[in-house]
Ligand SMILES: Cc1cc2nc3c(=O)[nH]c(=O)nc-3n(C[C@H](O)[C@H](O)[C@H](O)COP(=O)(O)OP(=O)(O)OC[C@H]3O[C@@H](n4cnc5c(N)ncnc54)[C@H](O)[C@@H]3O)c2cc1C
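One chain is shown next in C-alpha cells, namely the form predicted on its own.
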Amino acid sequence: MSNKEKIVVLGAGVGGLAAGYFLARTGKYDVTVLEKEAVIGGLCASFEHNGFVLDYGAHKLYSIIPGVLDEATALMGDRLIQLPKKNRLYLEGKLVDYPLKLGNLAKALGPLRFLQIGFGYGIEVLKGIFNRKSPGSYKDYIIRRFGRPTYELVFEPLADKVWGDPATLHPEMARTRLPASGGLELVLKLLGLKKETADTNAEFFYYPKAGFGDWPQALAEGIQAHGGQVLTSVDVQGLEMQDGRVRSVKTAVAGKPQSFACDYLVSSLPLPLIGRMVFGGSDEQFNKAVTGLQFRHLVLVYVWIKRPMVMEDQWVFFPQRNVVFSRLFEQKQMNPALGPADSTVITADFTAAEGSALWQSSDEQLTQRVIDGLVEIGLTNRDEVTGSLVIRKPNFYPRYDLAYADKMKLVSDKLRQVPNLLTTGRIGMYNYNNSDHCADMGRFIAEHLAAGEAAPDIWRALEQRVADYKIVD
C-alpha cells in the first residue's frame, strides 16, 4: 500500500498530462489522469484519415520560457525533428514575410498605401503625447501602437474573424498576441535597425516525427514510467466534497460506478463544469460570472489535393474577409512522411460564434467556402480536390470580452476557497496560450506543491505567471 499522497488530474490534454507528468516525476505522489475520450491529447492529438496522419490545425513545439523546451526535447529525444519556421501573411493578394520586412511590405501594398501606414502611425505618436489613459479595448491598444491604417489593414479584420468585433475585446487580447510592443519597434525592425529576437519570432521549432499527438503521448508514457496511470473513456460524474475539500472523484468506467480518492485535484476541465461539480447551483453570483466567460468555436476543414505539395510555408495567415479561413496549414510541410507522396492535405481553420450563420452552416457549405477560397487565392484548381473532412470543436478559444478580468477574479477567488483544488491548461485557466505554456503550468504546480506550498497560494502565483505568457508565432 503506497503512502504517497493521491492526486487526480481531470483531462488528458497537454495541460492535464503535463501536470500529471511533472507531479509523478517528483516521486511524492500517486497520480491518476482521467480522460473522458477514448484517446488522449485533446486538440494536440493526431489522428489518421484517408492515408494521412493529421493534426487538429497547426502546432509546434517551441518556447521562450526557460527550461520548457529543454524538458520537451529531453523527454522526446529522437522522436523530434527540428524545422526552420516558414510562415507568411496574405495581404492585398500577395504573400508578405512575417515578421514584416520593409521591401516585401512596400511591394505588396504599393507606395501610397505604405505612406498612409507611416502617416497613420505618426498621428498616433503625436496623440500619445497628450493621451496617457490606458487603452480600453483591443481596438484602442492596436491603433495607439500601430496607427489606424495598419489596424484596418491587418489587425481589425483578422481579430474580427477570430474573436469578433475588436472594440468589444479586452486589451489583454492584443498584448499577449503581438510580436512587437509598438509601432516604433515595428518600424525599426522593418528598417533592419532592430533585430527580431527569440521573444518575438521563432526562427525554428521542434515537431514530433509521428505527428503532434506524439507529444501528449510522450507525456502519458512519462507518467506511467513514474508509477502513475492515464485512464481513458472515463465519465466524470461529480465530486465527493467533505469539509470544503474534494475527497474523491465519482465516475463511470465502462458503465460501472468507480470512485477515485484524492488528496489533491488538478482540473483542466472548463471552469463552468468544475464550478458546477464543486458548488452546484448554490452561488448565483459565481454561476453568472463563470457562465459569462466567453468562447469561440473552432472549425477545421481538411481538403485533399492531388499534388505532392502546394504551399511553400507551414502555415499562412489570412486577415482579409474575402476568404472564410483565418489560417491555412499544410501537414506535409512538417513531415512529408505523414502522407502519400502523390497527394497533400490543406487544413483551413477559423472560428465561429454560437448561433452564427457560419457555425450553423452545413459541412458541405463550409467545405465549399474553403475550396472557393483556395481557388480564389490560386492555391489549387477545383479538379485537383479529391476529398474533404470537417471537424468542429465547440468552446475552444477563450474570448476576452471587456468584462472578462472582473469575471475571472470572482471565479478564481471562489474556487480557491477549495484548499486542495488547482486548475491548469488553456481551458482550465481560461487563458489563451499554447502547449508550451500548458507544460509550464504543470511544471510550476508540481514544483511548488512538492515544496509544501498550499494549493490556493500556488493558484494565486500561477495566475500571475500565466498573465505574463506571450504567444510567439
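Residue numbers run from 1 along the displayed sequence. This is a predicted model, so every value here is computed, not measured.
Below, we refer to the form predicted in complex with the named molecule, which is not included among the displayed structures.
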| item | value |
| --- | --- |
| Contact residue in the predicted bound form, chosen from M173, L269, I143, A72 - any heavy atom within 4.5 Å of the named molecule | L269 |
| Among the candidates C262, V230, L91, V234, the residue which, in the predicted bound form, approaches the named molecule to within 4.5 Å (heavy atoms) | V234 |
| Heavy atom distance at most 4.5 Å to the named molecule in the predicted bound form, all of G20, V418 and F444 | no |
| Stretch in contact in the predicted bound form with the named molecule, which is absent here, among 407 to 415, 42 to 50, 23 to 31, 64 to 72 (heavy atoms within 4.5 Å) | 42 to 50 |
| Non-hydrogen atom contact R148 with the named molecule in the predicted bound form at 4.5 angstroms | no |
| Close approach of R79 to the named molecule in the predicted bound form, 4.5 Å, heavy atom | no |
| W359, heavy atom within 4.5 angstroms of the named molecule in the predicted bound form | no |
| Exercise: S435 in contact with the named molecule in the predicted bound form, heavy atom 4.5 Å | yes |
| Contacts with the named molecule in the predicted bound form - residues in 5 to 26 whose heavy atoms fall within 4.5 Å | G11, A12, G13, V14, G15, G16 |
